[in-house]
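In the block that follows, a single chain appears as structure tokens, in the form predicted alone.
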């Protein structure tokens, strides 16, 4: 067996039997909110204790079928707590089992902090999550990479938080919600966030969310969970259009964005539609200098979960054709652990060609996040 070994934590990547995997969507949890107390000021500790942490993640819908906070029941560690609240159990159940070279962490539910009407509280909790993430996860495993959690309803404060922890060597991205607090993500009020992300070389990653709190004016997510899951892609389409026609990438030419848990089959249609209207109507958006489809391929990446799992060889060809129309370099593997929609790499990609798996499982993530190539025998992780 040929292996790569990190001497610090003795992480082993099996090179001969399994393709290495970089999972770009893992959601760690504290065992309880009280784990964040050491990272909060006395004022906010007292405030949150008195209000019992209500309003922190506002209006996450209590849909009937979403039991156990949407977590896999078997993701709960033996000692108890929320799913993915034990690093050792995560390694055993997922990272080691599927030959993970790296995991990109995005603390669970923190994408809803930007929906809180009380932005001062949300900003304090975002900072606490960042320090907790560094102490309880990143410092204990050098293969892990983190998200700078922010409260984006105050872009200036969010930028200061990115500056505070964004230079940590294991921070890889800025964590955002696909719903924006005010207006679309293409609005220039969010420029301080993009500017800070570029300053620290961080990817801006958008995660699926629901329109609660200040997100409420967003698209209706429906009455039923399958309805909500189906409609997620509509929000992604609207935000990508806002970012492209807002000219964000013309202003921030080094900015890179990743969109996870929103699907991707709709992308060719959106890219075609944006190109068509840009050619005919670009007098209204003269700051957009290139065809939108080109901007997408140069600046945007997409997570594979929820993967379209083909049931036949013909279906596999159709899925690959869709991904090629966007660009095979623009997809990274995402599992969404510990949520019940978790995509196991060996199952979700069972029918796909081996070379495709190498590209999706780790090569594209290496390029996007600047990670060491796990197949490089001289590299360390």
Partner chain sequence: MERNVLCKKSEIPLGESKVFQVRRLSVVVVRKENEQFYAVRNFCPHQGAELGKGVLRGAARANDVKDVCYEKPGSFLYCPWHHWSFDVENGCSMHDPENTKIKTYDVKVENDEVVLYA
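Given the structure is predicted, the values throughout are model-derived calculations rather than measurements. Residue numbers count along the first chain shown, from 1.
Same protein, other form: the form predicted together with the partner chain, not shown, and the subject of what follows.
This chain is displayed alone, yet in the predicted bound form one of 188, 294, 139, 269 has a heavy atom within 4.5 Å of the partner chain; that residue is 188. Put simply, of 226, 286, 169, 80 only one has a heavy atom within 4.5 Å of the partner chain in the predicted bound form, and it is 286. Contact annotation for residue 163: none of its heavy atoms lies within 4.5 Å of the partner chain in the predicted bound form. In the predicted bound form, the partner chain sits beyond 4.5 Å of every heavy atom of residue 192. By the criterion of a heavy atom within 4.5 Å, residue 263 is excluded from the residues contacting the partner chain in the predicted bound form. At least one heavy atom of residue 282 is located within 4.5 Å of the partner chain in the predicted bound form. Stretch 244-252 is the answer when you ask which of 244-252, 70-78, 128-136, 196-204 has residues with heavy atoms within 4.5 Å of the partner chain in the predicted bound form.
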